[in-house]
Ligand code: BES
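The chain below stands alone and is given as structure tokens, in the form predicted on its own.
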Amino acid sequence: MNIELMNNSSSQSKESLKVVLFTKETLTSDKNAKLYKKAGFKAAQDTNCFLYEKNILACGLEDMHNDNVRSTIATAIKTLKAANYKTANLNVQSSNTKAIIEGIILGGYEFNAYKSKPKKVKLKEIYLLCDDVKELKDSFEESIIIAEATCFTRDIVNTTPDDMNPPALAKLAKKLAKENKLECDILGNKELKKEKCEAMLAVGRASRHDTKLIHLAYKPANPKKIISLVGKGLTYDSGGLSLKPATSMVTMKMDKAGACAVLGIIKVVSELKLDIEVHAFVGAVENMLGGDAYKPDDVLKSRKGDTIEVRNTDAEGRLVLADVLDYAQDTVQSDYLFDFATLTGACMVALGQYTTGVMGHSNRLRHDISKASSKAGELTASLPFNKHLKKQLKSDIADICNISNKPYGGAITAGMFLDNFIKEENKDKWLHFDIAGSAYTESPWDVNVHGGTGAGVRFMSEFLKNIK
């Protein structure tokens, strides 16, 4: 569907549906208050009421906070898509333009690539009416770019593992680079061998698909900052020889969500033409079983030179990131280094399925991310490093073990494993984002429908566009 920003004075078809937002307080003073009362509509959050004879869809919300606006619009767009209206309109203000656009685009998202007969939707146009188009134009266009990049990210996450294997992900990255005028460099098995990325290569050894390290770069003239983004791109994770239970394997196409997020973020940055240089590094690997699969009890040598004792082949993402993080730091001297990964189920145990875990050494940087995520409408929470948990990664036969020797604090110990591969000069520039819970959902919530959510794209876009 098309979304258009228009002046209030623009003529609208009588057949166009009017969407109106109500709180309990504003509902009682509306001219149609008696009709709403008869219909049992009380303007509760995320509830709708159709007045078909008047072409009005009333949407309830607790208050006018953007989180509530975004959520109720996401509910409304589902109702609109099920109706027979071709056009709809609603009033917007500078304070809620972004929330309304995200509610429409993200709440109305569908992934129909594998449907033989996708449902047809009659709704074609949504008009956002305002007093001054010029005043809202920049915010409108920016919000569209970020929301569409989030959907782009969702599409990649939702693509099946047979269709989105490491070479396919590299091909998609090349396409994005061409469309958005980015630099692109792809390393395959041969090049990774030369780079001594033995930990990463071990994870993908049993796959019939080549492992890939993807590097995209957006380089404007005279950038004020340089940012490196690193994404875990496990296009499918069977668990390897430490095989996952059958029910846990069903959603493992989402194990590439960190990689998808960094592609979505660099798409936003290049389309907004931000004056920062951004590098996206993706470790695209498939963790499978076979006669050549890496094994528990193996000792791997990382690109950094540290040896890693493997005690669980399902703790594979951190092995991939160990090499990609080291490669990224040697390739680019950046001001900030962020990695995104569906790394641990333990993060969901700690924070629930809606919240991204944030780990790192810089209190200031974690605070800045918290502010950006709150403004962007994504949930993040900090998980603290501590020296006692670090001891649990000790190995008696290698430099470090790939899992903790105790079953507690698994998200933090995974983050501390990655910390081992962050150079001393980059410790305060780095943050790790565990999006294991927030990147995928099988139960719709807020603006998220079934499947990939695009976690990380909105809050990192908010952080980067305001970076100083």
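Owing to the predicted nature of the structure, the values given are computational and were not obtained by experimental measurement. All residue numbers refer to positions in the sequence shown, first residue = 1.
Just so it is clear, the following notes concern the form predicted in complex with this ligand, a form of the same protein that is not shown.
With the partner left out here, this ligand still marks one of 211-219, 373-381, 163-171, 248-256 in the predicted bound form; by a 4.5 Å heavy atom cut-off that stretch is 248-256. Of the listed positions (76, 203, 343, 229), a single one reaches within 4.5 angstroms of this ligand by any non-hydrogen atom in the predicted bound form, namely 343.
Residue 316 is the only one of 286, 316, 323, 102 with a heavy atom lying within 4.5 Å of this ligand in the predicted bound form.
For the three residues 180, 271 and 457, a heavy atom within 4.5 Å of this ligand turns up in the predicted bound form in no case. Heavy atoms of residue 391 never reach within 4.5 Å of this ligand in the predicted bound form, leaving it off the interface. In the predicted bound form, this ligand lies farther than 4.5 Å from every heavy atom of residue 353. At least one heavy atom of residue 403 is located within 4.5 Å of this ligand in the predicted bound form.
Although the partner is absent here, residue 196 sits far enough away that none of its heavy atoms falls within 4.5 Å of this ligand in the predicted bound form. Residue 436 is the only member of 435-461 with a non-hydrogen atom no more than 4.5 angstroms from this ligand in the predicted bound form.
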